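Below you will find one chain, with nothing else, as structure tokens; this is the form predicted alone, and questions on how it binds or moves follow later.
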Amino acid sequence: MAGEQQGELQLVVFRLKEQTYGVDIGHVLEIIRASDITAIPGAPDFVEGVINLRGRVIPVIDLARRLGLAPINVTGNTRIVIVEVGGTTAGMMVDGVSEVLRLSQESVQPPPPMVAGVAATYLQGIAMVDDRLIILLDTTRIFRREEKEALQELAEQAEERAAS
């Protein structure tokens, strides 16, 4: 992981459907409020739309839908975590970001064997921090190669529309 240093992980911790998740801070570019998302007709169902981030068009996904959960209800706490993974920049809409956390790699355990299926492919592990469980997502697996290409193409098309 990019945020690792000498057996330590640094995570951005956020809430999603009453659960606590974490992603490697090395993949996070910034965290912004969820506003002004423009829906794109014909986009994959987990794509919420696109945003203009200082002149750059960024596709935004509903992370809950991507993980097979009910869609996010946008509130004042909803945030977009902008990540860059494998040359693709995208926003992941979450219910709220709570903290940046450092923890040792020893506190991370692999997902339980009973967790299987598509959603398990996104999991890196589960961290135990005090009395909390934090589900670690592997951002490199959230987007399949063809989805990265589709998101890139979506952003390019939106930029072209905005320029014309």
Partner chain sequence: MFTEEEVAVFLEELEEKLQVINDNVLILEREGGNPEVIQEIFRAAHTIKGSSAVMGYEKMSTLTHEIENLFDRLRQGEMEVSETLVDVLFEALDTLKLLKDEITGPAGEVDVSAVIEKLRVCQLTCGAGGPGGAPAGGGTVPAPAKMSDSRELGDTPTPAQGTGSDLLLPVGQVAGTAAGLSATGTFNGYQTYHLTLELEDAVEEVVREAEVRGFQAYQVDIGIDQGCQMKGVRAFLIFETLQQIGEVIKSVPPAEDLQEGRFEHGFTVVLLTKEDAGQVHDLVFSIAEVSSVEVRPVRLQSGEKIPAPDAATGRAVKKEPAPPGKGNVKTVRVDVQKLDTLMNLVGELVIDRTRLDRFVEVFESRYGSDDLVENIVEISNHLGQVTSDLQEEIMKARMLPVAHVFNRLPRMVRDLAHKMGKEIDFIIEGRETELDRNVIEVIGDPLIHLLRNAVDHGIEPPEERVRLGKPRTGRLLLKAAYVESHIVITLSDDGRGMDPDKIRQKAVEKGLMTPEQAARAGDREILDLIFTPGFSTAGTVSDVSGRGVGMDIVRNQIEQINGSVEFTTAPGRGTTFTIKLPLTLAIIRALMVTLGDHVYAFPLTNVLETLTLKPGEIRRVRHAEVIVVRGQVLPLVRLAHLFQEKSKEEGKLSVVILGSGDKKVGVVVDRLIGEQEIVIKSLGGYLGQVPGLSGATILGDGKVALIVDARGIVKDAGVEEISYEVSRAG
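Positions refer to the first chain, counted from 1. Model, not experiment: these values are computed from the prediction.
What follows is about the form predicted in complex with its partner chain, which we do not show.
Residue 56 is the only one of 56, 102, 132, 33 with a heavy atom lying within 4.5 Å of its partner chain in the predicted bound form. Exactly one listed residue, out of 51, 127, 67, 28, brings a non-hydrogen atom to within 4.5 Å of its partner chain in the predicted bound form: 51. Proximity to its partner chain in the predicted bound form holds for all of 38, 41 and 142, with the criterion being a heavy atom within 4.5 Å. At a distance threshold of 4.5 angstroms between non-hydrogen atoms, residue 136 is out of contact with its partner chain in the predicted bound form.
By the criterion of a heavy atom within 4.5 Å, residue 88 is counted among the residues contacting its partner chain in the predicted bound form.
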